[in-house]
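To begin, one chain is listed below as structure tokens, in the form predicted alone.
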């Protein structure tokens, strides 16, 4: 009979707070339409994993005195035993052998193995048309400049006391690229996986709110009225096919560890552009994207357990994630303003803000701002060019972080 009430007795204030956070994410997804395909599954996953006994996370949990003693004598062995399905409760100093539930299986098999992020990149690659970038190759530099926030936030995080690997994972929030943030966090900061993932996707959904005031603060009305030409010539099919192959090879040489990210993104794009796999391209853009997004979202939610999420560091991570987005936007805009000092044909500096990886949302935001200033000023294609460059830039930046940080930590 007592088992009937175990759910009530297991409730505590932390659990209730996480329920509220889950409800807020679901509300933002449904009512405000903020990235609903991800925030809704994340919100519901948050509720699921914080249910009493967390059966969806762990089917069973048995105290193991032998492993407990090993960990007490050698604290560094915790990570090793976690891979063997042990959980160490630092509050009680006890280790437990667990049988994974459905969400733990999805986490271990889908995210920590990097399966879900790379599959998402296949879908994204199939959705992206690089044609605007081919017509405006100079926009590549804006995709690079808009990654400034990653490294600025990394430095801030280190100054606040985070170790270099965790700081790097926090900085990647500024890439405005959820899959890249997940990939790096899975490698460097598994303890903060939940806050980093939620911050990355939440701020992506808030791009229409975050970017406009920063752009207006850093530009004059005269600058926002600058018109730009757009070339209408066609891009050959050969170029479109060779591009993803060439990018994969170059990225693999410069930052080999980025190949899973860049390679699968470019593979998706090759499926799109080759012209003989229309059915597969359609499946990647629709069925694959939808299925993996559902599993990815609810699995991210499963990392938001109360004891891990409700920490002072979580607030710092959320704040620094916002700082990263601000620096990214500012970096792109200021780069365009500096570039204009040397150009005869000026670039509308608002386009620099589209250099982040939030595709195609950021390009739309910049285009709408231009139309508000002048209803006849169309800079959508230039903004898309910068935005596509930002998608590539964020992945390469993530790859460089993964390659360089371990060398600095040694």
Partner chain sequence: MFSIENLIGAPDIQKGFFVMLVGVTGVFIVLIIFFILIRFLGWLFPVKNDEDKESNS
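It should be emphasised that the depicted structure is a prediction, and the values quoted were computed from it without experimental measurement. Positions refer to the first chain, counted from 1.
Unshown form predicted in complex with its partner chain; subsequent notes refer to it.
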Per-stretch contact check against its partner chain in the predicted bound form, the hit in 316 to 324, 148 to 156, 177 to 185, 293 to 301 (non-hydrogen atom, 4.5 angstroms): 148 to 156
Complete contact of 344, 347 and 372 with its partner chain in the predicted bound form (any heavy atom, 4.5 Å): no
The single option of 83, 237, 279, 221 touching its partner chain in the predicted bound form, heavy atom within 4.5 Å: 237
One residue of 102, 259, 115, 250 in contact with its partner chain, assessed in the predicted bound form (non-hydrogen atom, 4.5 angstroms): 250
Its partner chain contact at residue 274 in the predicted bound form, heavy atom, 4.5 Å: no
Non-hydrogen atom contact residue 163 with its partner chain in the predicted bound form at 4.5 angstroms: yes
Contact label in the predicted bound form: residue 133 to its partner chain, heavy atom within 4.5 Å: yes
Partner proximity in the predicted bound form: residue 392 to its partner chain, non-hydrogen atom cutoff 4.5 Å: yes
Residues in 181 to 205 with any heavy atom within 4.5 Å of its partner chain in the predicted bound form: none
